[in-house]
Every structure is written in C-alpha cells, then in structure tokens.
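As a starting point, one isolated chain is supplied in structure tokens, in the form predicted alone.
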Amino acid sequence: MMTALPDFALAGPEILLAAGALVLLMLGAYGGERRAGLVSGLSALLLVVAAVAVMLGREGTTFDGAFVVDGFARFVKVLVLIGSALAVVMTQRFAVAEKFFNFELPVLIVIATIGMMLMISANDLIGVYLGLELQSLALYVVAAFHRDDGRSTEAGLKYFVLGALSSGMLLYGASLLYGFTGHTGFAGIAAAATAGGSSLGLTFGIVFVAAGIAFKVSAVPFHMWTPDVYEGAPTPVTAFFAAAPKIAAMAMFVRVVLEALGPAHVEWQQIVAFMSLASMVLGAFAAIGQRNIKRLMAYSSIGHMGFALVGLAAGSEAGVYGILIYLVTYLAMTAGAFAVILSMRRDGVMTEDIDSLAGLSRTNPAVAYLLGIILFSLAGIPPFAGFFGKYFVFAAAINAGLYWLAVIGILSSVVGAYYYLRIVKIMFLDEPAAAFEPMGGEMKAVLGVTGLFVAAFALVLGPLGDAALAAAKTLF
C-alpha cells in the first residue's frame, strides 16, 4: 500500500528559506568576506519574500498532521519574518564598526527563523522540539558571535547551558505527555485527556512542558538568562533576541496550551497565571535600578511577556486576540527602541549607559521625540500602541473572571512606567551630553516607520484587528 506524499507546498516558505540559506552560505563561502554585505542584503530580501509567500499561501495540514498552516500560524509567521528582516537590516553597520561582521551572521538569523516558523506551525510534540532546537542551536552561535569580546562569549555560554537545561525539561515533559496519553499529536493528546480526565502524570507533563517553553519567552521563574545574555550579546543580536524568538515562542505556547492541553484547563491556567503575575511584577521592579539600557530592555521584555501571558491565562478567543495585538505592538516598539540603542556611538565607541542620552532633545530632537513616543507606548500610555495591547489582554482576563490578575497587571504597568519616563526626563530635561555620531540611513528608516506606527496605531487598528480576530478564531 502506497503512502501519500505530504503536501510540501504548505511548507513552501520554510523550504524557500532553507534553500535560500544554503545558497547564501555557498555564496559567502566562495566569495569570501567581500561578499558579506551582499549576503546580508539578500538575506533580508529572502525573509521579505518568505513573508509574502506566507501571506499568499493556502491553509491546511500536512506531514501526517504534524504541520499545520492556519490563520493563526500565518499571522505570527509574518510578524516573525518582519522581525528577523529588521534584525538583519540593523546588524550590518554596527557589526562592521565593531569588526565582527561575517557573512555567517545573517545566514544564521535566517536558519533560526526557519526553526521559529516550524515552532509556530508545529501540531505535534516532536515537531515542537525539532523547531525549537533548530532555532536554539543557531541562536547559541549568534549570541557568542563576537569572538573577540569576552562578554559575548560569556553570553553565548550562559545561553547554551541554560537553553540545554530548558530543552531537557521540555523533552521530559513531552515524554510524560506521550506516556500518559499515548499520542504526540496535539489532537490525540487533547482527546486522551478528555477521555481519561486529569491525572498526576499528565499534570507533571504539563508543568515540565510549560517550564521548557517559559524559558524561551523569558517568563519568571525561568528568566535568569535574559539580563546577562541581553547585556553581553552584540547589540544587534540582542535586538533580534528581543523580538522574533519571543514572538515565535509565545505563539508555540498558545498552540500547545489551547490545542493539546485544552481539556486540562484548570491545571495549565494556574501555571500560566503565576508566570504572568511573577513576570509582570519582576519586570516592573527589577528594571528600576538599571543603568545599562540593554539590561533595562531585558527586564522590560520579561514584563511585556508577562502582560502577553495574561491573555493566555484567560484561555479565550478574546485572550488570543489580545496576545496577537500585543505581539504586533511589542515588535514595533522593540525595533524602534533598538534602532536608537544601536546608534548610541560617540567618537567611534558604543555606549550603553542610559545617562548618555542626556539632552538628546537638543542635540537630535527628531530621534528624541520618536524615542519618547516609543517609551510612552512601552509604558502603556494612551493613545499609543502599547496602551491598546494592554487593554485587550486585561479585558480578556476580566471577561474570564481573572480580576486579580488584571489588577496586578495594571499596577505593574504603573510601576513600570517610572523607568520609561525616567529616560524621557533624561532626554528632555537634563543638561545635554556630547552629540552621538549621525544615525545610519537604515536606522532612521526603522525608527521613523516604527515611531509613526506606534503613534498612529489607532488608525490601523481596524484592519489589523480584523486580521488578528480571524487568526484567533482558528484556534477555537
């Protein structure tokens, strides 16, 4: 009896990226370092073409149900591809100035992106693990890419050791889920959990799987790697870490929890709610004393993932809708903030000190105002994009009866506003420091587009919200 071939067209964007990465690798290997700039440009173009392919592609399931393309997967994949393309665009100028630009760097970002897309479409525990490891192995190398910098090497080693631990926890949890349900496919796990009810083994499996995924989204108490890796990794790599991998991991978390573990709602809701609460509180308070802007962004990302998890804790269509809107706003705010951080250079030397932004409104008013808008948005102040993201996840929590989680989230947001507004105060009220070197054209473009998007988010919320709602409906 012949087995039907899988529908490879559904995985067309992933196959395109894999083939493109191999071609770019050959181009760089045979062309030498003089082709590094070309490889970087083609990598960004490849990611954009893949995003178009995702938008034009059709939906369905293939590889015996292990790979699914639905509205939710397509929506998040486009976000991830945009985030990765922005990271490639923002990398070259910085890496050349710091003398660590090689053609392998953009290729590794493309390979990591393939892993992220597999994670998003995974409908099977084995698929989840394969996507996660493909992403992680590339990210370990990227974190330590600046070999002459001790901080970068340390960041890569810390990320590798803790990442291996989290992968082991995820794999152990997956083995427990398989052992107690007899399935690795999400539909089979959900059916077995419905028929057999909750058991101690299933609960332990949920705990370990949630712990493994929580590491990837930097949720407390598995956040410990984030500040050190963010600070130590090269700044464009930190910008990449802060956006695309977080979005992909959050999407994977949503799919695993809702599609595989939906019947065990009581068990996973408690775990997700605790992670959400702890992440919001720690992100708000731990960032207050930071003086290094990359460490501050690390704690900020921990807090923002906590806010996104509020929507997951709600476990509803409205919650997933809130998460998707939140991820869109988070991507724009993060890219814009890092466009400025990557341009904090004086006399050929990078600075990461928050106080070096003193008086930026007088030395470069356009950058100061755009960064100010992004910081207000990160704080969740209306009418900027960040406010809408928080509003929708808190509304979903309230509708699900999680009043206490919404209240703590709002209070954490108020506390967190302090360290964003402190940067605004430094830029607009402190005596000006020496001016930074002129910002590169690509950084100006990224900052301008993201700043305007964040400021005028209410104007695009209608069509964007419709797309997010259609994506959320596919999981219910």
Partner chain sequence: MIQALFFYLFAAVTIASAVMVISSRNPVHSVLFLILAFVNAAGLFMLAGAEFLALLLIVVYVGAVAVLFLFVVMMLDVDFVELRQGFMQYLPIGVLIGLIFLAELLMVAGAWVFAPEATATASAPIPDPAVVSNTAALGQLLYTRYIYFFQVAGLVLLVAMIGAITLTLRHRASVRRQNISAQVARTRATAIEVKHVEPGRGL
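Please read all numbers here as calculations on a predicted model, not as lab measurements. Numbering follows the first chain given and starts at 1.
We do not show the form predicted together with its partner chain, though everything after this point is about it.
K.L.:
With its partner chain left out here, work out from 92 to 100, 373 to 381, 106 to 114, 233 to 241 which stretch has heavy atoms within 4.5 Å of it in the model of the complex.
P.N.:
This holds for exactly one stretch, 106 to 114.
K.L.:
Just to be sure I understand the contacts: of F392, F75, F145, W268, which is the one whose heavy atoms reach within 4.5 angstroms of its partner chain in the model of the complex?
P.N.:
It is F145 that has a heavy atom within 4.5 Å of the partner.
K.L.:
Just to be sure I understand the contacts: of V207, L162, V141, M350, which is the one whose heavy atoms reach within 4.5 angstroms of its partner chain in the model of the complex?
P.N.:
Filtering the options by heavy-atom distance leaves V141.
K.L.:
State yes only if every one of D64, D124 and L134 has a non-hydrogen atom within 4.5 Å of its partner chain in the model of the complex; otherwise state no.
P.N.:
Verified in the model of the complex; spot residues all in contact, yes.
K.L.:
Spell out, yes or no, whether the shortest heavy atom distance between K158 and its partner chain in the model of the complex is within 4.5 Å.
P.N.:
Outside the cut-off, so no.
K.L.:
How about A458: is it within 4.5 Å of its partner chain in the model of the complex, going by heavy atoms?
P.N.:
No, A458 is distant from the partner.
K.L.:
With the partner left out of view, is L130 within 4.5 angstroms of its partner chain in the model of the complex by any non-hydrogen atom?
P.N.:
It does: once its partner chain is placed as it appears in the model of the complex, L130 has a heavy atom within 4.5 Å of it.
K.L.:
Is R151 close to its partner chain in the model of the complex, meaning a heavy atom pair under 4.5 Å apart or at it?
P.N.:
Flag for R151 set to no.
K.L.:
Scan 329 to 347 and note down the residues that get a heavy atom within 4.5 Å of its partner chain in the model of the complex; none is a fine answer too.
P.N.:
Nothing in the stretch sits within 4.5 Å of the partner.
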